[in-house]
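So this first bit is one chain, no partners, the form predicted on its own, shown in C-alpha cells.
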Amino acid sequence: MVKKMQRRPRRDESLSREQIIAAAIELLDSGGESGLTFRNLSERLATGPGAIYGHVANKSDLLEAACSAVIGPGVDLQAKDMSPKAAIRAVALTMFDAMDAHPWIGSALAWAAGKSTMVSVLERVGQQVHALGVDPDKHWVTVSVLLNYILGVGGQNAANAQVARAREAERAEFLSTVADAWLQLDPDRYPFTRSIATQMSVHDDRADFLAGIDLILAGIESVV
C-alpha cells in the first residue's frame, strides 16, 4: 500500500503582513537571501502561497519590508535634539548594528537604492549633511562617501563574522593568530604591518567603525 504523504496542518487564523515579515526575517537570519523562498515561507507559516501574496507582491517586496522592519525604527529617529554629527553617528551605528545582527541587510540594501528604506537612510543622512553647511554642489559626493562607508564597512564586518561562525572560530583566537603571523613578517619589508600587529589583535570593530565616521566628518568640517 502506498503511504500518503503527511502534510503540515494549515493554520486556522488569518495571516497579517507583520507575521509574514517576522517569519521572513527568521528565514533570512538562518539561511540568508537564498533561504527566503515563498515555499519555505509557506511551510514556516503553515499556509499556502496565495495567503502570502495577498500581503506582499514578490520577494523583492518582502526583502524591502524586512529591511524596513529591522532598521526603519532606528533610522527614522527624531534628530531635532541632536547635532548633525551626532545624528549621522546614530544612523551609522544603527546600520552597523543591524547588519551585524542580520548580515543579509547589506546586500539587500545595495540592490534597493530606489526603495523606501534606502531612501529613508539617504534622506536622514542627507539632511544632516545639509545642516553641516556642505555646499549643495558637494551634497551628492559627501552623502555617497558616507553611505558607501556605512554599507561597505558594515557589510564587510557582518561577512567576517559569518565566516568566523562557519569556521567555529573564536574572534580573539583568530585575531591573535593573525597578529602572530604579522609579527613573523620580514621587518625590512613590512615594518608598518608589524608595528600595528598588537593593536589589530585587540581592536573593537564597532569602535573602529565609528572612528571612521568621525574621520569622514572631520574631513567634511575642514572643507565647509
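Only a predicted model underlies this, so the values are computations on that prediction, with no experimental measurement involved. Take the two forms, find the largest set of C-alpha atoms that superpose within 1.5 Å, and that set is the rigid core. Residue numbers here begin at 1 and follow the sequence given.
The same protein also exists as the form predicted in complex with another copy of the chain; that form is not shown, yet it is the one meant from here on.
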Check your understanding: Which residue, 185, 172, 57, 46, has a heavy atom that falls within 4.5 Å of another copy of the chain in the predicted bound form?
Key -> 185
Review point. Of these, 177, 30, 37, 162, which has a heavy atom no more than 4.5 Å from another copy of the chain in the predicted bound form?
Key: 162
Practice item. Indicate whether residue 126 is a 4.5 Å heavy atom neighbour of another copy of the chain in the predicted bound form. Key: yes
**Study point:** Exercise: residue 73 in contact with another copy of the chain in the predicted bound form, heavy atom 4.5 Å
**Key:** no
Check your understanding: Is there a non-hydrogen atom of residue 206 within 4.5 angstroms of a non-hydrogen atom of another copy of the chain in the predicted bound form?
Key -> no
Check your understanding: Can residue 216 be called a contact residue for another copy of the chain in the predicted bound form at 4.5 Å between heavy atoms?
Key -> yes
Study note, to complete from the structure: Answer among 153-161, 61-69, 46-54, 22-30 for heavy atoms within 4.5 Å of another copy of the chain in the predicted bound form: the stretch 153-161
Practice item. Could you run down 41-76 and flag each residue that has a heavy atom within 4.5 Å of another copy of the chain in the predicted bound form? Key: none
Review point. When the two forms are laid on each other by their rigid core, does residue 198 show a Cα shift of 2 Å or more between this form and the one not shown?
Key: no
Exercise for review: Note yes or no: does the Cα of residue 186 move by 2 Å or more between this form and the one not shown after the core is superposed?
Suggested key: no
Review point. With both forms fit on the core, is the shift of the CA atom of residue 88 between this form and the one not shown 2 Å or larger?
Key: no
